[in-house]
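The chain below stands alone, shown as structure tokens; this is the form predicted on its own.
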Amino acid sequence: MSSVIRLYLPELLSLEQTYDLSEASHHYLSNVMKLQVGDSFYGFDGQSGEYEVQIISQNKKQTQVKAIKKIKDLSLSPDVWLLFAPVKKDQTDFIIQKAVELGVRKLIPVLTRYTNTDKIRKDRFLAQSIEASEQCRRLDIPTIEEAIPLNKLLSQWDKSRRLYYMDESRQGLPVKEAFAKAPAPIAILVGPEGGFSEEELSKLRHLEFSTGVTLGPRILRAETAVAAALSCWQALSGDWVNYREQG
């Protein structure tokens, strides 16, 4: 079995149950990776864990597989959300990929005053998140929400979830101080390329459930700020803190 071949199989997997792969998964395994009957790969369903999955029949149009061994039980990523203002295509792709790799459980695109893109495709974000989950050995798939105006999101916010917004004006707490005692559930908000408007920053500063965070003396690009903020949180309060490989 090749440990690098790993697929998300949305059907709830169970041992010895047979499954017909989707057309896309069939094409990938048979035509791209050239797997044949008897070969196996890793499969996960985002609900029950990870399995060794074996190809039991195959033709030009279809591949049938069976889960033959459970490798890992399901473990969920930390209950941290990323709220981000979509930017240009490649940069947004980067944001989705790194958020998934860094363990975000939910992604919410937010529309701010200076959000400079109207091409927000939830289906594309979901496809990218699945691909990133397959590659990084993640066992769950993050939830992708529809884009929502920032003011609307804040008006219906659950105050039990602390919101940390990246304050490019440098008036927030230093990142180490802000995240040192910030266990999940939390949410991290990163603004667009032009930053938050003064009105948006003023509102964020006066919300009882929000905390401004400063990421050092330099102004970071939106996608850099996402990766930096999530990495700092993971190192200080997330699932990097006491991680050791089990077994």
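This one's a predicted model, so the numbers in the text were calculated from it and none came from an experiment. Counting begins at 1, following the sequence as shown.
Same protein, other form: the form predicted in complex with a small molecule, not shown, and the subject of what follows.
Distance criterion of 4.5 Å from any heavy atom to the small molecule in the predicted bound form singles out I219 from the list I56, I219, I68, M33. Contact annotation for F44: none of its heavy atoms lies within 4.5 Å of the small molecule in the predicted bound form.
Among residues of the shown chain, A184 is not one whose heavy atoms approach the small molecule to within 4.5 Å in the predicted bound form. Although the partner is absent here, M166 sits close enough that one of its heavy atoms falls within 4.5 Å of the small molecule in the predicted bound form.
In the predicted bound form, no heavy atom of Y51 sits within 4.5 Å of the small molecule. Partner proximity in the predicted bound form, defined as non-hydrogen atoms within 4.5 angstroms of the small molecule, places exactly one of 21-29, 234-242, 7-15, 221-229 at the interface: 221-229.
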